[in-house]
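First, one chain by itself: the form predicted alone, in C-alpha cells.
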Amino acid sequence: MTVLILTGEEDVTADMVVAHLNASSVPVVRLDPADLTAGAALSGEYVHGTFRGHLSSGERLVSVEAIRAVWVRRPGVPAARAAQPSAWLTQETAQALYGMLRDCGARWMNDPDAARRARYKPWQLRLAQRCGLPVPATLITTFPQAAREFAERFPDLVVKPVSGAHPQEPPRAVPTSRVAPGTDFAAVAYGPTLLQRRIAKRADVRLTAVGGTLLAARKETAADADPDQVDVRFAPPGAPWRPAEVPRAVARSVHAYLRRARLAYGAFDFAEDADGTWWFLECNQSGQFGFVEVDTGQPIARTIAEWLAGTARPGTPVAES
C-alpha cells in the first residue's frame, strides 16, 4: 500500500516525512496537482460496476486502489502549470483528481472538505470557544463605530487579517500588529477587520496535533521584549523553542476541536499569559512544524509518517493540571 503526498516539489517539511517513510520501506508517491497535464497524469475507468484508477508523477505510477493514505500538505492549484492554464481547466482537473481519490478508502490528512472549512478564522474562534479553549475578546467588523466601542472596552488591541495572508502571488504572511492609541478606525468600513485583545504573554506555544498525539513547544518572551512586537513569526531571534507539557484541560479541548473539525493534523498557536493560561489564537490545518522539530528534537515528522503508514502508536500522555 502506498502513501500519496499532495504538495509542491520544494517542500522541506514534506521531505522530512518522506525520509521516515522511506526508512520504513513504505512506498511513497509525491504529486503536485499543479503538474497535472504537464508532468503528471491521471486515469479512472468505471466499467461493469468496478473502478480502476491510476496516477503518475515523474517516473512513479500508482493504482488509486493501492493508496493507503493521502497527505494534503501544500498542493498547488490543479493544472496551474498546464500548457494553457485556465479557471475551467483547474476546475475540471480538481474534479477529476479529488473525485477519484475521495472513495478510494484511504485515510486523509486532512480531508479536503474539512480542511477548507477549517481555514476560516471566525469559524475557528467559535469552535475553540465551544470546545472550552480560552479565546481573547475578538471583533470582526466593517462598522467603524463598533470598532471604536470595542477599543473603549479593550484599550490594548492587536489587528490581524481575517484570512491570514496578503493577496499577492505567492501569498505572504501579514504580521499581527498592535493598534496605536487613539486610532480612528474609519478605514474599517473598507474591509472586514479583525481586532483582538492583546495577551500580555510570557511565552508563545505551538501545539502540533497528529491524530491522538499532542506535541507542544514553548518559546519564552524576553523580559526586555518590545511590547509592540506581538507576532512571534517576525520577532528578533531569541530563546529557542523548548518541549512543553500539555495541560490536561487544554488536551481535552484540543482533542474535541480536532474531532469536531474532522482534522487528523492541526498546528495550534497559543499565547501563554502570566497566570499560565493558554489563549487560543488559531489552528493552521497545514501548518509548518520543521522549525519546532529542529529546536526541540520532537519526533513530529516521524509521528506523521507513522500515522500515514498506519503504524502510529497511542497518543502522548499529557500533564496533570
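Residues carry their position along the shown sequence, with the first being 1. We call the rigid core whatever largest set of C-alpha positions still superposes within 1.5 Å between the two forms. Since the model is a prediction, treat every value here as computed from it, not as a measurement.
Quick note: we don't show the form predicted together with a further copy of the same chain, though the next part is all about it.
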(Q) Can you tell me which of 204-212, 177-185, 137-145, 68-76 lies within 4.5 Å of a further copy of the same chain in the model of the complex, counting heavy atoms only? (A) 137-145
Q.
Just to be sure I understand the contacts: of A80, M100, A249, A151, which is the one whose heavy atoms reach within 4.5 angstroms of a further copy of the same chain in the model of the complex?
A. M100
Q: State the residue from P243, P240, P192, P155 whose non-hydrogen atoms include one within 4.5 Å of a further copy of the same chain in the model of the complex.
A: P192
Q.
Let me test this: is every residue among G49, L89 and R116 within 4.5 Å of a further copy of the same chain in the model of the complex, going by heavy atom positions?
A. yes
Q | a further copy of the same chain contact at S63 in the model of the complex, heavy atom, 4.5 Å | A | no
Q) Should T221 be classed as touching a further copy of the same chain in the model of the complex when contacts are defined as heavy atoms within 4.5 Å? A) no
Q. Quick one: does G287 come within 4.5 Å of a further copy of the same chain in the model of the complex, counting heavy atoms only?
A. no
**Q.** 4.5 angstroms heavy atom contact with a further copy of the same chain in the model of the complex for N110
**A.** no
Q) What are the residues of 92-131, in order along the chain, with a heavy atom within 4.5 Å of a further copy of the same chain in the model of the complex? A) E92, T93, A94, Q95, A96, Y98, G99, M100, R102, D103, D113, R116, R117, R119, Y120, K121, P122, W123, L125, R126, Q129, R130
Q.
If I superpose the two forms on their rigid core, does the C-alpha of T50 end up displaced by 2 Å or more between the shown form and the other one?
A. yes
